[in-house]
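There is one chain below, alone, in structure tokens, taken in the form predicted alone.
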């Protein structure tokens, strides 16, 4: 992997960095510390700016109107986009757009007309419904939601848990077991409208994040047309697994971006703050914290860029993506924790973003597969069939 950035990459990164610092950060001064949305007029204005920059819809394939930017560059952009208070949960508050549910790019033409294109236009919202109350770390085996064929329809019964945004969505991808005896090979993905009879948001699940919550869903004799199957019957887990693997790269990038910003703030602060007649920067304990931060950031960044590079070349990247997610989420948490310590009382005050980053970084060690699962994925790739 070439670690030297091209002139074009440097220009794009500088443009995004300037956008974050000049457009996003000033707006946050007047927002609630846990806000996850901008005022509608600010949102619209900034979306027009990202479109003018040629960077709107970064994750949308060019054939659907997105910019033609490689995955390594998109990863570097994701690092920059996270460098503000809400950067872990709502990078740039969605002003760079997104692909929504990327699985829909593999949908049928009719499904694209009904779900994909309205999502890309911002007219519909979707959710990803995989995890269940029975367990989220091993979804292929934990899925107990069942879909039974009834003529040209399927009847779905069951529950989902830890589902983000389902209460505000128009539709979602729901994974249900269609062949009980086939394990991973017995799961099918259904596109489900939230106004479908039998679809219920059972409750809101509040989490460590003040701005973020999840939902618990319940399906009671929910009838879904066979035309609403995404992909093939019993091939749904491959759709979910591909999404989970690819999502680990931008997930890691966001943690790196926040760590970089926290370190930058600390480097600005410790030479100015004096204790017992000398700047904090002269204290060896502080110097070592800053050194450990720099090591954590660089290790995380290079591992994440390696995963992005392999993925962009069409090479296997499952192990690298798991490593990126594992290392970046754990290292990012350490960096934020050290920076909070350097800032003392200010570090835990809502005047600064550290306390929000601290809470959200803790969730990152669980979301998209906890650290223990990532270690299992890596071990399985190293040891091969003996752990499968």
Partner chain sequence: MANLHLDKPWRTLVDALPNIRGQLGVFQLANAKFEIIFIGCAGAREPFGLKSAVETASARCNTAVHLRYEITSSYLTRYRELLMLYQAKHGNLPQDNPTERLGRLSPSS
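Model, not experiment: these values are computed from the prediction. Positions refer to the first chain, counted from 1.
Unshown form predicted together with the partner chain; subsequent notes refer to it.
- Partner proximity in the predicted bound form, defined as non-hydrogen atoms within 4.5 angstroms of the partner chain, places exactly one of 268-276, 194-202, 225-233, 142-150 at the interface: 194-202.
- In the predicted bound form, the partner chain lies within 4.5 Å of some heavy atom of residue 350.
- Taking the partner from the other structure, the partner chain in the predicted bound form has a heavy atom within 4.5 Å of a heavy atom of residue 167.
- Contact between residue 213 and the partner chain in the predicted bound form is found at the 4.5 Å heavy atom cutoff.
- In the predicted bound form, at least one heavy atom of residue 35 sits within 4.5 Å of the partner chain.
- With the partner removed from view, the residue among 42, 337, 28, 59 that has a non-hydrogen atom within 4.5 Å of the partner chain in the predicted bound form turns out to be 28.
- Screening 121, 206, 298, 182 for any heavy atom within 4.5 Å of the partner chain in the predicted bound form leaves a single hit, 206.
- Counting a residue when any of its non-hydrogen atoms is within 4.5 Å of the partner chain in the predicted bound form, there are no hits in 55-76.
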